[in-house]
Every structure is written in structure tokens, then in C-alpha cells.
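Listed next as C-alpha cells is one chain, alone, in the form predicted alone.
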Amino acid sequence: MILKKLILNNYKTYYGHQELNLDIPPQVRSDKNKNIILIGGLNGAGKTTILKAVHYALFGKRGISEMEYKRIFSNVINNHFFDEGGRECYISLIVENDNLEEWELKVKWIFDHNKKVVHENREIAIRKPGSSVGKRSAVNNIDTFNRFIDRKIPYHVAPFFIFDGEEIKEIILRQNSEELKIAIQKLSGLETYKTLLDDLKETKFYLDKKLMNSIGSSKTTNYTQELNRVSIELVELNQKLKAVNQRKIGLEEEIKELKKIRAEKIQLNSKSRESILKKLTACEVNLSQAQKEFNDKFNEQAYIHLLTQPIQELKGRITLEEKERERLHSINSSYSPYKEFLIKLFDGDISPQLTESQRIQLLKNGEEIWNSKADELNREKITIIHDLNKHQFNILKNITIKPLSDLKGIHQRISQLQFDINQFEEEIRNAPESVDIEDENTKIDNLTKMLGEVELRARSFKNKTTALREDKTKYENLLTRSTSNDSNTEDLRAQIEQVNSTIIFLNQYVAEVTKLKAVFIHNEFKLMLSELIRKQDEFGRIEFDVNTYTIRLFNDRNQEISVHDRSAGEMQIISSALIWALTKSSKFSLPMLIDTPLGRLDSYHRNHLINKYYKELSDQVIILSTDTEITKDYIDSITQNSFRQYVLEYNDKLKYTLIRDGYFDLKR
């Protein structure tokens, strides 16, 4: 991340709209090794204002009490502008993160006529790479905004890239504080692993709880107990049902055997004299009925069967006569109009007049001629001898002649019955006495009664078995649903095992990475400190303890000595070396904004910081210095690494600061 631009609009000592272009293009940083922006200003010109404006734009009120906020920000509006009637001021910081996305963070204050802040607005605009227009939105939830910023620029890391050089020793003095440990962990990347471990442990806790709920819930326990009870009862009932079914089979076999014995006796009994006599009597009764039936049918049908031939001939004759009758009727019907014509003809005037006999003769001749014409079409002549009306004709025509099979069947049955009677009469003479089957009947009745009771019991057991099976299925389904079935439980166990494995692996990884980080930080810290500090022989050993995240110094006799006993300048150098080591081991690419970096230092340490430290500290190092810190000599050595210089000029008469290019009178 780099800082691209800071806009100060009537903010504190800066009057009007003033900008600091802080951008250093990537090719300039990489090709020309220019990573420093130098901003000079005398005391009171506004250097610290710039540092605090950047810090506030990024992190807001965090770390500031309400009272301190009122004290600091009650006077942030430029006095000159306020006197002109202005009531608003703002700062706007544009940063570019590692994926070249620009964030514009704007904070605006609104004041009343008493110069009291009445409102503070915060906006953020995010522009995609290459885009000049971003989506601007008001920050209504500062906590959400803080979480958003911390993903890229953790607040606890701020002391390591935005700091006052004269107060940098606080890093050493406060190195045992929890905040500093968190900051170092975040900067070195170890906090990420710790957060991941915490997330994994929380995930494991959640999965453990879910598994326990799945396995150990009271409802599941109840279902399991009920399922076990039903299963046991079902086994016992199946055993009882099996015994009852075996008893049922035994009784059925006994009854079957008794019935077999009885059937054999009955078979013998069927040949007894009494049995044959009953059959003879029945046969005689049947013979009598059959004979009566034959006589009735014979009396009814005999004449028909005897006159079958004449009836058939009569039906044929009357049919022919009926046709002849119809033919003659047809001829007469067709002759009638002609006859009427002739009568009218002869009744007319004929000269000479016909006699009556002539007229009759002509009519008779005409009728004969007409009939002769009809006879030509119907040469077969039938003499009508039966004078039948239509009803009589139909009776004779529809006389039914039934076959003789009915009488033959009855006659054959009579013959068979007479034969059977003769046979029975013969058997009666040689038949034995009847047999007794009462004992078998009694035993069969008793066994059948017992079988009924057994079947009733078996049916009861079967019904209970069916009910228990339904209960078993019900509890199995309930248990399946309540525990999300065993496969889900197994899935939970598998997930817990995977999380456990990941935690173990991550702990091992963090331990190894921590060792590597510790070694790296220790080496970088020791290397840079050896480059910077003057009294190198005074320290026998210098360590960065990764367990306590503290700097530990040892004398030439390997006795630990207190860091707090060092001078302010020495603690500043030690702190600078620690920042160097942490910066080099950090996963973040952070700009460095340092106010008065050399104020407390002697020339030795200044030279080393200028020539060996800032040039390689970061891709962007913004130094806010006075004219007595970065002098002409230092400018000469820093120029080749400096991309841009500004000077903050404070107008004592108008009482505001203007930003212009260059660096005091030592500008290039």
C-alpha cells in the first residue's frame, strides 16, 4: 500500500484547498530506487498536522478519548477561513492498496459560530484500477468501516509506519504491553495464523456441540430406549408366536389323523344295510318322480311326435296356397282399372249399338286376354283348397315340434334307477351292520376347539407382532431423523477429525513459521542495529524474544541489561532497528510516515539513518523534518533516493501554511 495524495481543505493551519501528491510510480521505485518524499517545515508549520491527518483519515477516533477528541478537533478549522465565515473543513486521503485499487477516505467537520464541532462526516470512495470514478458512500457504521480498513491496514500496526521519530522509543518502553504484542504479531503475520487457529477451534467447538446434540439429545435417547424395548418385545413375541404355531400344526395333524380314521369308518358304514336301505329308498322315490315326469311329457307331446309328417306337409301346402292367394289378388288388382275402362267404353255411343250379349262377350274376352298375360308370368297354378283366415294360417304355420330327446333322457334315467334298485336289493341281502364314529367325532370336536383357541392366540400374537414392527419402524425413522442418521453423525465425526488434523498441522506450521520469523526478525534486527548504533561493543548479545515479543539486551558478560536504562537516542535507534526487522518480515507493504526522525540523534546516528536506513526501509518513506534535521549535507546524500520534496511555509502575518514544491532553500 502507498499513500497517493493528501488533501487539506481549511484544515488547521492549512488555508484553502491544498494537496500533497505523495504518489511514487512503481517504475520509479523499482528502476530509479526513489522511495523518499521529503517534506520540510519549521516548528509549527504543520508537519505533525499532516501525520495526524493521515492517521485520523485511516483510523478515526480509535485510541482517542472523547475528551481528547474535543480538545484536538474543536479547533481543526483554519482560523483565517473561519474568520471569513467558513464553517466546514475536511481532509481527504487517497491510498492505493496492493491490487492497485484506490480508496479515497474523506473526513469533513462542520462547526457552529462558536467554532464548536457540530457534526463529523466520513465518506469512502473506492475506484477500480484505471478508473477515475469510484463509488462514493457515507460511512454510517464506523465499526463496519474499521473492520473494512483493518483487513488491509490493521490499526495495531499503525505505530510501526506512522510515528513521531522522537517518540519512537515508546515502542521499546511499551514493548511489554498487550497492544504492542498484538501489533507485532499482526505485522509479522503470526496473528493471521492465530486468528485462523481461533476460527478452527471455534469450528471444532461448534461441530463437537452439534455431534453431542446429535448423539446425546434426550429425544434421541428416548427413541433409542423405545427402539430397544420394542426390539426385545418383538423377539419375545416372535418366540411365543413360533410356539403357538407349532402347537397349531400339532393339533391340525391330530385332527387330520382322527378325520382319516373316521373317514375309514364312514367308508365301512356306507356299505352297511341301513346305508344301502336309505339309498334304495331314495332311488325308489327318484324312480317314481321320473315316471310321473315321463307320463306328463308323453301326454303333452305324443300327438305332435306322431303327426310330425302330416303337420310338416300341411304347413308347406298352406304356405303355397297363401302365395297363390296373394298372386291372384295381385292380378285382380291390376285388372280392375282396365275393366272399369272397358265398361265405360261400352256404355258410350257405339254405332251400331252393341247388344248386351256382345258387350258381355267383349268384356269376357278382355278379361281372358288379361289373365292369359298374367298366366304367362306364373305358369305354375295352385288350387286353393283351404279357406283360412290370417289367424288360422298363423296357428298352423307356427306349430312347434319338439325333439324326442327329452322323453328319451327321462326314459334312460328311469331305466338306470330301476337297475340301481335291483342292485341295492341284491346288496341288502349281503350288507353288514352300521359302524359307530361318535368317539372320533368327540375327539375331533375337542381338538377343533383347542385349535380355535390356539389360532385365536396366534392371531393375537400376530397382531401384536405387526404393531411392534410398526413401532420399531417408527422409532427407527424417528431416530434417523433426530440424529440426521448415522451417516450424518459419521460426517460430523469426519469433519471434527479433519478440523483436529488441521489444527494440529497449523500449530506445527505456526511453530515452524514462528521459529523462522523469530530467526529472521532477530537477524534483521541485529544486522540493522549493528549498522545504526554507535556503541556496538557495549552489547554482548541482542535478542528479539518471539515468545514475549521483546527486545532483550545482554552485556559482554552475557548478563541481561535493561533497555529502559538506555538513552533516548539509543532507544530510538533500537526501536528503528526493530521497525526495520518487523517491516522486512511483514506480509504488509506499508508506507512509512515519520515525523522529526532525527531530532534527538547525534550526527553519527543521523548519518547512518540517512545513508543506510530510509533508502531501503520501504517502497514509500515520507519524512517530515525540520531544517536542522535534514540539512544540505543530508539532502545531497538523499536526493538520488528522493522522488519529491515539499516545504511547508507558514505565513506569520496571515497565520496559515502554504505547501509548495522544494525543500527550504536546499531544494534542487
Partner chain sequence: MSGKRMVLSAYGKQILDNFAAYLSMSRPQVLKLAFARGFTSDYDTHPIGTLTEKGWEIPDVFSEEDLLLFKHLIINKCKKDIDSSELSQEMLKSIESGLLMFEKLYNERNSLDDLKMLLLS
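Numbering follows the first chain given and starts at 1. So that the term is clear: the rigid core is the largest set of C-alpha atoms that superpose within 1.5 Å between two forms. All figures in this text were calculated on a predicted structure; none of them were measured in a lab.
Absent from the display: the form predicted together with the partner chain. The rest refers to it.
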Residue contact check: Glu433 to the partner chain in the model of the complex, 4.5 Å heavy atom
no
Does at least one non-hydrogen atom of Val133 fall within 4.5 angstroms of the partner chain in the model of the complex?
no
So in the model of the complex, does any heavy atom of Gln239 sit within 4.5 Å of the partner chain?
no
Contact of Phe298 with the partner chain in the model of the complex (heavy atom, 4.5 Å):
yes
Of the residues Asp491, Glu313, Asp347, Asp439, which one places a heavy atom within 4.5 Å of the partner chain in the model of the complex?
Glu313
Consider the chain as shown here, without its partner, and state which of Asp387, Glu356, Glu326, Asp565 has a heavy atom within 4.5 Å of the partner chain in the model of the complex.
Asp387
Stretch from 121-129, 258-266, 397-405, 337-345 whose residues place a heavy atom within 4.5 Å of the partner chain in the model of the complex
397-405
For the stretch 299-331, which residues lie within 4.5 Å of the partner chain in the model of the complex by non-hydrogen atom distance?
Asn299, Ala302, Tyr303, Ile304, His305, Leu306, Leu307, Pro310, Ile311, Glu313, Leu314, Arg317
Large Cα move at Thr400 between this form and the one not shown, threshold 2 Å, rigid core
yes
Classify His564 as shifted (yes) or not shifted (no) between this form and the one not shown, where shifted means its C-alpha moves by 2 Å or more with the rigid core superposed.
no
At a 2 Å cut-off on C-alpha positions, does Asp98 qualify as shifted between this form and the one not shown after fitting the rigid core?
no
